[in-house]
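Here's a solo chain for you in structure tokens, the form predicted on its own.
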Amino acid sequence: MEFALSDDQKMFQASVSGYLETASPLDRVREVADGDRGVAEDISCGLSELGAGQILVPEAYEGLGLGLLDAALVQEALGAAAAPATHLASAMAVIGIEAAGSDVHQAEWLARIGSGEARIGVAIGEHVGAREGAGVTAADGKLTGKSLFALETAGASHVLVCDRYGGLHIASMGDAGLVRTELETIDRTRDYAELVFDGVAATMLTGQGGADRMVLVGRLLLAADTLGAAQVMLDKAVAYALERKQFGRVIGSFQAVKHMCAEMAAQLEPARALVWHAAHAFDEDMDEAGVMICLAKAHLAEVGTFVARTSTEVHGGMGFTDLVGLHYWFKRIGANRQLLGGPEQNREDAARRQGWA
């Protein structure tokens, strides 16, 4: 049995990659990273026109009705371009609303997302790991508390919030009781924020398990993002090794450099199949889906870190300069490693899902 992408999937990913080559070249990434925001609205709007924002929205609500594997292919292209664009939070929000929303909630919110009327950020970090002074409580239809590392809330119309007990709520970003503060991280290509809620009116999604499924989707997409970023760092290392000369020879002819590039490729290529299989397992609702996603997130965190470090070493001193721009991918991989749980936590979650912990 051959497990591979369909022709439609390959064409769709190629379309997204082609668009990002034009819309998000390194100079554009640098411009956004050096500015005040981690999201470029024009790039995000272009992706939405390609259908990226509607991938997981069912066809009944003006979406494409595709699966997590298709969303992962888009996220891989975003990672390869280090694109400062939205996609991760929207995909997580769709899955959360599908899992926890009533029929009425789904009809309203999925239709609004599908039509582009609503863009939803997510505040779910505390569901993965509690932080001192953070956490949101819900009472009488209102939210109070603080959420750290909320994703893609800049320019969003609403935010999907997870409370202390795993309940999901949709709140308007325009509510007077909601204060958003941008967070500074090493990764300037993505939007992170602290949200403080003071009696913010919210719609509660009454179903159970939505937050857990959102975390799984987020972890898989972060793994795909790291896959795309690491592949570009590998490609750049190989290209540099074939043109940089020392002692009258290109450095790619030196055995030590050959071994570095070969080991990066050997570690990265099997990781691609791992990401694809984990997404496929989620789409097919297999029992092993949660375990595979946790392992994919953990493994890509380690492989991505290795590739980022080794690619920079191949470039030598040039790897640390802004001219080459490797640091955008390096930092994005570093942020992906910790978002929604580091490799140790993901492996522990995988062990629990198998009854080993």
Partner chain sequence: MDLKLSAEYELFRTEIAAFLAENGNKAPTQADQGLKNPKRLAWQKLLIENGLAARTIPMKYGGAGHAPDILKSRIIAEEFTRTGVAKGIANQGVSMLVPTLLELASEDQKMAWIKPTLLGKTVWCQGYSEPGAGSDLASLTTKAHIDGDDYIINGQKIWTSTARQADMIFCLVRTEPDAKKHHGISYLIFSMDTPGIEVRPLVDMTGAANFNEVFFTDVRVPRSQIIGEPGQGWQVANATLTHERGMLGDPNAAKARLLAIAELMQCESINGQRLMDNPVFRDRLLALQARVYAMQANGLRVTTSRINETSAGMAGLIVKLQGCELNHELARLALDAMGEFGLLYGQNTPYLRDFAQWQGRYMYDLGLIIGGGTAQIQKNIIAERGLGMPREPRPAAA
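Bear in mind that the values here come from a model prediction, so they are computed numbers and not experimental data. Numbering follows the first chain given and starts at 1.
Missing here is the form predicted in complex with the partner chain; even so, the following discussion is about that form.
For residue 348, is any heavy atom within 4.5 Å of the partner chain in the predicted bound form, or not?
-> Within the cut-off, so yes.
Report whether the minimum heavy atom distance between residue 249 and the partner chain in the predicted bound form is within 4.5 Å.
-> Flag for residue 249 set to yes.
Within a 4.5 Å heavy atom cut-off, is residue 106 in contact with the partner chain in the predicted bound form?
-> Taking the distances in the predicted bound form, the answer for residue 106 is no, it never comes within 4.5 Å of the partner chain.
Any chance residue 292 has a heavy atom within 4.5 Å of the partner chain in the predicted bound form?
-> Judged by the heavy-atom cut-off of 4.5 Å, residue 292 is in contact with the partner chain in the predicted bound form.
Looking at 154, 241, 173, 148, which has any heavy atom no more than 4.5 Å from the partner chain in the predicted bound form?
-> Only one listed residue qualifies here, and that residue is 241.
Candidate from 266, 139, 130, 186 lying within 4.5 Å of the partner chain in the predicted bound form - any heavy atom | Spelling it out, the residue with a heavy atom inside the cut-off is 266.
Can all three of 4, 254 and 258 be found with a heavy atom no more than 4.5 Å from the partner chain in the predicted bound form?
-> Yes, each of 4, 254 and 258 comes within 4.5 Å of the partner chain in the predicted bound form.
Going by heavy atoms within 4.5 Å, which of 316-324, 294-302, 57-65, 42-50 lines up against the partner chain in the predicted bound form?
-> So the stretch in question is 294-302.
Stretch 276-293 - residues with a heavy atom within 4.5 Å of the partner chain in the predicted bound form | Those in contact are 276, 277, 280, 284, 288, 291, 292.
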